[in-house]
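Quick setup: one chain, the form predicted alone, written in structure tokens, and binding and motion questions come after.
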Amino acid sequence: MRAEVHLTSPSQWAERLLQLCREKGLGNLLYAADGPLAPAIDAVWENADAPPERIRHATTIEQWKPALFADTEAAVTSVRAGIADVSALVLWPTPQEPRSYSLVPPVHFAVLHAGQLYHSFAEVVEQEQWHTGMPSNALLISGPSKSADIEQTLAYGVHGPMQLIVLLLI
């Protein structure tokens, strides 16, 4: 659904993320400093020559919302599951990785482990045992933001990211 998918290994995904940031000319990357992706990102960024700036927010959204909307070029989030039959990602926002990370910046990088791919939404619900507890907000993402006006002109990035880039860890 107009998403880029890059296959990489669990040990090399952060290097691939850095490479993609550089190829796209991104000056910064928003990530959860205390989230599940942080150790790998920090290790690669700290050893890289002039990497894009890492943006970490430890304050409330109200305090950094202007910077999020005006200055953040890309964000990276973890993915709970992937749904093959509809080409969708399932994100479960947390206080560390709020939904704004995947909905606001122009470029959204999503990190998905191949073992978290399921055939259908029903299989995700069953295998991930959603009956034991769900977040207040689960996101299903099938591609970058898009909208069509009354003349049926399709535009991307109108209400969210213009690009969705999936790093599939195999």
Partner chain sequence: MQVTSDFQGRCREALNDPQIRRNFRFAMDGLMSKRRASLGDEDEREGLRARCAAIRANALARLPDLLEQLERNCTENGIRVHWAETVQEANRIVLDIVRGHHARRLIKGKSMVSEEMGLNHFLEGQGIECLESDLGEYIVQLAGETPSHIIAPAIHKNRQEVAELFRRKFPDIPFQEDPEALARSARRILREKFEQAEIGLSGVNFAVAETGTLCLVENEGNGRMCTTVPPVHIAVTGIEKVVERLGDIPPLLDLLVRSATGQHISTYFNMISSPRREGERDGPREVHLLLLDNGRSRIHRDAQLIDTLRCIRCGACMNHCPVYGRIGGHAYGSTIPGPIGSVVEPQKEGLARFGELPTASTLCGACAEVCPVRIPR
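Residue numbers count along the first chain shown, from 1. Everything quoted here is computed from the prediction, not taken from an experiment.
Unshown form predicted together with the partner chain; subsequent notes refer to it.
- Contact annotation: the partner chain lies within 4.5 Å of heavy atoms from the stretch 122 to 130 in the predicted bound form, the single such stretch among 109 to 117, 122 to 130, 43 to 51, 22 to 30.
- For the chain shown alone, Arg80 is not a contact residue for the partner chain in the predicted bound form, no non-hydrogen atom being within 4.5 angstroms.
- Taking the partner from elsewhere, Pro36 is found to have every heavy atom lying beyond 4.5 Å of the partner chain in the predicted bound form.
- Put simply, Leu139 is close to the partner chain in the predicted bound form: some heavy atom of it is within 4.5 Å.
- Proximity of Leu103 to the partner chain in the predicted bound form falls within the 4.5 Å heavy atom cutoff.
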